[in-house]
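Before any questions on how it binds or moves, here is one chain, the form predicted alone, in structure tokens.
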């Protein structure tokens, strides 16, 4: 019995940490700011475990029966938590946080009850010294196992919903195994097996219907028909279509609409590249959809483009899918372009390549993982890869909706030693959008564009560098790695903007 219960501790620890990670990951997907979500959820979960451990002293009889019932309850509540949260956010985001922290607290409290009960059940078989050592070492080993498996295998391949249900099955499996181990010690508790079997069937049904429920929830979140959806190790990719309008959403955030993306990408690429008639080497950080690369490839003098995007599935999707590749005119299959699927900062640290133009087309700094790519340390590193007369252009969120965030990026580039030229363009899907050209000398715009454009003209370009009073520069803090000021500001401004 001792070995069976110690193995149960391993499974219990794995499941408990898995529910915590799933809740935190899902919250960071839909709410952003991953550091805040993980910190508050882990804190709530650990506090709840403490409450559960304290409450375990009030369980004085039928310890084995109570342990089994708790396992069944944890399996059902923890197992279905991702599904409940996903559906709650899709249909009404209002009570999402209340449900999120409520589920985390209840799950944590139940998990907190488990280990004290197991220790009390084993106290007559193992000395106290060995009991504590064995139970806690197995507990920590289970936590280590799931902390490795979750980001590498479970989340990217099973998804959050199925992962939660799988761990729910494991909890209920422990309950059914415990019924066999304890046998006659359970006394008259025939209802336990029925409860366990019912929970097992419910969780199995949940796994079987997880894909349909995910599609149902996402259909409620997106107004248009979903034509592709998948989870990668880094993000949730959803592509929708309504008539001729194709839209890309990453973690629920719109990245482009095919009806007006040309405005965004022409404004991103051409002002800087047209001012560098001798540019041959171009680096694109982000831009895994290939749309910025499409614009760069219009310039015949460009000999090579290096595109660094973390998510391999993004670049594969927009290279191999005919519908999506048509949007970027086959840019990702062009022989002049090389794709590198790595973290931008890590790649820059290891590369010694130099470029005439660097285009930073990264997602907005909605979390700390992205915020580091808008820091002064990152821009200083980037400067080491820019030719003496080269330029950097950065997409920098909306100077209207996130005014302080935009000017924070400007201040951060200047702190890194660049001379900046901020500008903006109107993109119907996003509103006023901001960009920054940075170099070692004041920027001089080209008098004309040497390639065809649908939106840009010399006249519109002149207006782009003029900021009206409601978007004009304001004091802003430099974004450094150790404070991540931009992420906090960005979240606050966009939260107010969408109310």
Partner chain sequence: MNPARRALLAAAASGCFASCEFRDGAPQPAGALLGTDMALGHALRDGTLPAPTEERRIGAAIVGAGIGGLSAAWQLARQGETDVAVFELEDAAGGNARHGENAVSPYPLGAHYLPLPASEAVSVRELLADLGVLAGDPHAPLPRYDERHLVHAPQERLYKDGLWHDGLLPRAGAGARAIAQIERFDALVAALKARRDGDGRRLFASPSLLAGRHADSDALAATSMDQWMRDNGFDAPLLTWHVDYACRDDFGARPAQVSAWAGLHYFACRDGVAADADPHNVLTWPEGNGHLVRRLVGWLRDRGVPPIRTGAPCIRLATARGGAVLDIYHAAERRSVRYRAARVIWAAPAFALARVWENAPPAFAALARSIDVSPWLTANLTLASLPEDAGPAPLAWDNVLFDSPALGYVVATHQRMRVAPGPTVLTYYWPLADLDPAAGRARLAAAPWQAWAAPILDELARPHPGLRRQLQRLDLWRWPHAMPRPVPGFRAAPVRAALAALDGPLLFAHSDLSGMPLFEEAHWAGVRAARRLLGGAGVSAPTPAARTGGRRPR
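Residue numbers count along the first chain shown, from 1. Computed from a prediction, not measured in an experiment: that's the story for all the values here.
One more form of this protein, predicted together with its partner chain, exists but is not displayed; see below.
Trainee: Taking its partner chain in the model of the complex as the reference, which of 345, 169, 411, 117 has a non-hydrogen atom within 4.5 Å?
Mentor: Checked against the cut-off, the match is 345.
Trainee: Consider the chain as shown here, without its partner, and state which of 163, 405, 107, 375 has a heavy atom within 4.5 Å of its partner chain in the model of the complex.
Mentor: In short, 375.
Trainee: May I ask you to state whether residue 415 is within 4.5 Å of its partner chain in the model of the complex, using heavy atom distances?
Mentor: Answer yes; at least one heavy atom of residue 415 falls within 4.5 Å of its partner chain in the model of the complex.
Trainee: Any chance residue 484 has a heavy atom within 4.5 Å of its partner chain in the model of the complex?
Mentor: So residue 484 counts as contacting its partner chain.
Trainee: So, in the model of the complex, is residue 150 in contact with its partner chain at a 4.5 angstroms heavy atom limit?
Mentor: Residue 150: no, not in contact with its partner chain in the model of the complex.
Trainee: Taking the shortest heavy atom distance, is residue 263 within 4.5 Å of its partner chain in the model of the complex?
Mentor: Contact check for residue 263: no, nothing within 4.5 Å of its partner chain in the model of the complex.
Trainee: In the model of the complex, which of 366-374, 386-394, 353-361, 72-80 comes within 4.5 Å of its partner chain (heavy atoms)?
Mentor: Selected range: 366-374.
Trainee: Output the sequence-ordered list of residues from 230-246 with at least one heavy atom within 4.5 Å of its partner chain in the model of the complex.
Mentor: If the 4.5 Å heavy-atom criterion is applied to its partner chain in the model of the complex, 230-246 yields only 234.
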